[in-house]
Each structure stands twice: as C-alpha cells, then as structure tokens.
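Taken one at a time, structure 1 and structure 2 that follow are two forms of one protein chain, written as structure tokens.
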Structure 1
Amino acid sequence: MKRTLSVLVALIMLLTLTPAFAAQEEINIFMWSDYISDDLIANFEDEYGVRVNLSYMSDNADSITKLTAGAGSEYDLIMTCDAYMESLIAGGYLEQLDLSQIPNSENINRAYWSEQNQGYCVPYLMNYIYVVYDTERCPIEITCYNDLIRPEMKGQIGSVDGARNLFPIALIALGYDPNSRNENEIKEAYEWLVKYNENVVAYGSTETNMVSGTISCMFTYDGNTAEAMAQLGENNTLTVAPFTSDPVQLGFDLYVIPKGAQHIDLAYKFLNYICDPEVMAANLVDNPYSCPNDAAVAAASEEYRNGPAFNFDYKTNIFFQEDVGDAITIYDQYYQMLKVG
C-alpha cells in the first residue's frame, strides 16, 4: 500500500514538474480539437523553439464562460466566433491588437474582417451554413429556406442547433433582417421554426446522419459537408442546394488575445505564422474549411479549391451573425418554447 502510494506521488510530481523543467517558452491556446494541423503546430514549435499547449473546448460557449468568469489570463490565445465579438470588446475582456506585429494579416480579405474587429481578433477559418441535399433521396429540389418547411420534407432534415443559427433563416424566409431585435418578428420566426422543427429528424451530427442514410437534406457547415462528401467518395450524390436569392450565413472562427495574457509576444508570432499563405495552405489539406486568407486559398491545392462542398455560386450573398444585445433573451425564450412545445 505504502509503496503504491509513494510511486503514485512520484508520478504526480513528475507530471506536474515536467513543464517547469522545460526552460522553453510556452504559449497556451484554447480552441476546438482536431481543427488545426499537427504539422503546423510542430513546425511552429521547431521554428521558434517554443512549446505550444493546446487545450480544447467542448462547446462554443466554453470560451465565453471562461472569459466572463475571469479565467482569460490563463490563456494567450482563445478561439471564439464573430457573433460574440461585440460583447467581448464592450465587456473589456480582450487585449487590443497591434496589427503591425502581424504583417501577414495583410493576406486576409477585409470583406470578412470588419474595421472594429481588426482591433481585436484575427479570423482563422470560416464556415458557410448552407443547405445540402442528396439528389437521389431528397423528395424535392431545394432552392430557398421556405422549401425546408414543405410537408414533403417531413422526416428528411438534419440541422445545426442553436437559437442564433436557426432564427436567422426563419427571419430571412419571412423577409426580415436576420439579426432582428423586433419581438414580433422573432415571434413570427418562431412560428416558422415550429413547422421546420416538424420536418427535422435531429439537430447536430448532420454529416453522420447524412452518410448513414438517416436524412436526405441537411442545414449545416461547409467543412462538415466536405467531410461527408469525402467519406462518400465515388458514391457521392450530395449537392449544395442551388439557392436563388436567400442569403446564407457566414460564420468565423477567430483568435483573440484575452486581457492579461502572459505571452502576448508569442501570441503575435503565432497569429503571424498562421496568416502565412504557405502555412495556411498546408493546413487546409487537413482542415478543408473555407478560408478568409485569399493568398492561402490561391496557394492551396486544386483538390481543395475545387472541392464539391464549395461548389456553389452565391458565396457573396451572405449575412453575418451579429450581436443582438439584450434581445438574446427574447430569442432564448422562443427557442425554449420551440424545444419544449
């Protein structure tokens, strides 16, 4: 018993002390797992002689919860999405960026990077949230959001979840601003979503359900679609819905430096590194998502640029998810009603 205990204690000490022995500088990054290439991290570590500690979020709100609870200074870079930026800036949770320290950020298309956000974040990858269907199994051709609530689609749809992903498409279908703060409009959108909800089989795991034949139509991210299409390979009969006029949501995953970060220098080096066209182009092989870095896209492989998941012609007919301020509680209320019934 005693021996086991002392071995255990020794093990713990070893494990907790290892990082302390390493005299290397460290950078702590909080992000999604499986969302950046291992090679990129390894190369960055070699090139700058530093150690990169990645820790992973399990939910998009995790980074927000950590920041608001005051644990931001534990990290040097945190991944979050554009919808939270306004709140995070206004709440004073972020360090202001000095873009002169990130010269490669010139490569990022300013259309995707608002003036205000330029001071606080660097976009990493981006996601269209659009509609994809199986040409062989889906009962109808989908060309607008209203097609999704047609009775023929009952039991056919897989969908992403979350109030702020679902309400915008209802608002657009009804002809309103996708970021509306008007309660009556939100209420109408709720009624639209009740019909949508009847056609939905499941929220989340869209690509699994598509590949396994559980659904024939999905409202989902382009990166997930790319994964599903790659897995189907030659049997791929999925196609991005040929939308005629409805805009699609474009969301960003971006890096911010939390207030009080300990290694701001390294954070800048890392941000500059990932904005390098060659580095990012290599990263896109493992992570075939849309990318706001034009130079990187130009340098990326044919295969990536001609991927069937990005084969649609309304890439500029987009809207962004904006912070809706206190109206979030109205959205929340109707979202709960939708799910509770």
Structure 2
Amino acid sequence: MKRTLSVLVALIMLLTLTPAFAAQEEINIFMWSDYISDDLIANFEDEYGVRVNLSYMSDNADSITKLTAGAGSEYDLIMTCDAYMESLIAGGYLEQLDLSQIPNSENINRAYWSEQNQGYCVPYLMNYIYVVYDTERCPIEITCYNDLIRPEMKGQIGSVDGARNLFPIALIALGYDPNSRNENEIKEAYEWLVKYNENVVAYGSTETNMVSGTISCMFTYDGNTAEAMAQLGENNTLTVAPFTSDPVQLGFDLYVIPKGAQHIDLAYKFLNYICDPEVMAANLVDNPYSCPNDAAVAAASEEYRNGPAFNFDYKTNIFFQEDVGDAITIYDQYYQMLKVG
C-alpha cells in the first residue's frame, strides 16, 4: 500500500510539474562566442522566465548563410555586420522591426545607426580595427598600413581574419577605395596581402599572442587591445599606432530578426534589455569594445571610458564596410587563394 501511494504521489507531482516545464519559453540566438556576459544572459532568463539558447558563428559568412537559407525556423536573433545589411534587406531575409517595442533603443547614437538600417537591426557593439604595437619590442614605429609589409616585420604580426577586414587595408595602402568593386584593384590588394601574410605569425587570438610575447604588433579590434592592456597591467608598453593619413575601419555588430522567426516577442524583449544603459554598462566589463549606446557609456566605469585602447586621435578618419554586392564573390575567390597560400 505504501509503495502504491508513493507511486501515485510521484505521478501526481510529475503531472503537476510537467506543464510548467513545458510552458517555459525559449529564445534561440546565433552570434560570436565570448561576446556577451554570462550574467547578462542569466539575468535576462531570470527576469523573463525564459531559456536563452546560444549558438556560435566562426565568421560572418556563417550568419549570412543561415539568413539567406531561411533561418527563422531555427533562430530568433542572428548577429551580422553592417557590410551585409543592404543585401539582406533587399533580399527580404529580415523581419522589419517595430522600434516602439524597443524603447531603450533611443539610447543608441543615431550617428552609428543609419536611417535605412534602423527598421531592420539593432546595433550591439562596435569596434575600431586598428594597428597596435609594443613600443619596446616592435622593430619599427608603425604609422601606416604599408609599414606592415616591410621586411623588418617578418614574424612580428598577429592579425584578425576575414576578407572584409583584410582587403580594405590593402586597398587603402594601394590608394584605392576600401570598398572597391574593381577586380583589378582587388587582385592588387591580394598581392599586397600575400606580402602581409609572410609577416603574420598567426590569425585569431591576437591579444593572447601579444601578452605572451610571441608578437610585437597586431592588427586587431579595440576590445582585444583593451583586454591585452589589462592583462599586461603595469607592464603595458602597447600603443595604438599613430596613423596620420590612412583611415581605420569602424565596424558594427548588429542583431537582426530573421524572416519567419518563431519567438519575435522574446526577440523584442531581448533587444530592449540589452539596450538598457545599466545592463549594457555591466556587459562592457567583460566585453570592453566601443559601444554605440551613449547612455551605457555614460553609466560605464571611468576605467572603461578612459581606457588607453580608446585613446587615439583619428576617430574621425574612419571608413565603414559597405555592401559590395556581387563583387563579394571576387573577394571570396582571392581570400580563399590567400588562405591556401
């Protein structure tokens, strides 16, 4: 009898609890790894009683592939960058946003959020992609992109990767538009990058190699620089290269809702949550990149606002990645040749 009663009690509890578990909503997000704080995700889950499922991309091509293949059945939010927005909007791959459901988006500086894109994306973080070098170990002072292919720099450089990060610096070094669609110019840029490639020790974890002393120069994101400088502490001898003429890239990572997303209401809640100044200010502790949310920057620590990784004079001498249309296939062709080489 006792055993029967125990089974009945357990069965009743299971039947009582199961609907609660089944009712828990989930939101599925595809983005870069190690690019959002665990606390932010956990706090959002607690506040809204939902589960956040994160999946990670290895490069921007991953998100574009998913978006153009109809990712709405699988993901509710996908991270992409400004270089692809024109094509994604024109192709009808994105849900149009109702910004009235994201009131905290008013905190985002409109200078970093084009009028065309405002109806389809929400900027998350942004990053200057620039050159940093160790003033004590680097063989030369770096003042322009062409310095990176000098023979003295062989075995000295760590670099970010990706066609749309690498080719623009080569095009600028050659005197061309960083968003060129001219195949002859892109081919010349490829030849420049072959020389650059000979001086690069590794692509990827630039800050790790810099801190360990493997390299003395890196072409990297401002957030990676901030992390490297913080790890070096009082021993920091890194400086942002004092470019006087060559512009640097300012890139944006954006959240979009793929067409046909299953949990659009939760996507709106998440977008509004990350635009909250206090939430984003806390997120900047673990992700010290440039931020388009002015209110969050004002709420962030003085250490963040005055960090040496953001202390450079050419913030107006910048360029943006533009959608190069069909020319992207030319870039991809030469990029694959560069990687094989």
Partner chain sequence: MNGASTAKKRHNRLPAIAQAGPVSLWMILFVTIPMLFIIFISFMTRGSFGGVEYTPTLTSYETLADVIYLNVILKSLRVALVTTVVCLLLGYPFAYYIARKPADVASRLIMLLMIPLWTNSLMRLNAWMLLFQTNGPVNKALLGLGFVEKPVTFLYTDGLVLLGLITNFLPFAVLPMYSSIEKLQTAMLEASADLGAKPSVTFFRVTLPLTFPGIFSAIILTFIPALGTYTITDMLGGGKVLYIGNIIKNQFGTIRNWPLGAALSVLLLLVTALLIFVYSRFAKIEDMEVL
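This one's a predicted model, so the numbers in the text were calculated from it and none came from an experiment. Residue numbering: structure 1 sequence, from 1. Basically, rigid core = biggest C-alpha set you can superpose within 1.5 Å across the two forms.
### Message
If I had to pick the form predicted in complex with the partner chain out of these two, would it be 1 or 2?
### Response
That would be structure 1.
### Query
Does the C-alpha of Y203 move 2 Å or more between the two structures once the rigid core is lined up?
Yes; Y203 is a residue whose C-alpha shifts (by 2 Å or more) between the two structures when the cores are overlaid.
### Task
Kindly check if the Cα atom of F252 is displaced 2 angstroms or more between the two structures relative to the superposed rigid core.
After core superposition, the displacement of the F252 C-alpha between the two structures stays below 2 Å, so no.
### Message
For D98, does the CA position differ by 2 Å or more between the two structures when the superposition is done on the rigid core?
### Response
Where the cores coincide, D98 shows only a C-alpha shift between the two structures that is less than 2 Å.
### Message
Once both forms are fitted on the core, what is the Cα shift for G175 between the two structures in Å?
### Response
Here the C-alpha difference is 4.2 Å.
### Task
Can you read me the CA shift for I215 between the two structures, rigid core superposed, in Å?
Its C-alpha shift, to one decimal, is 2.8 Å.
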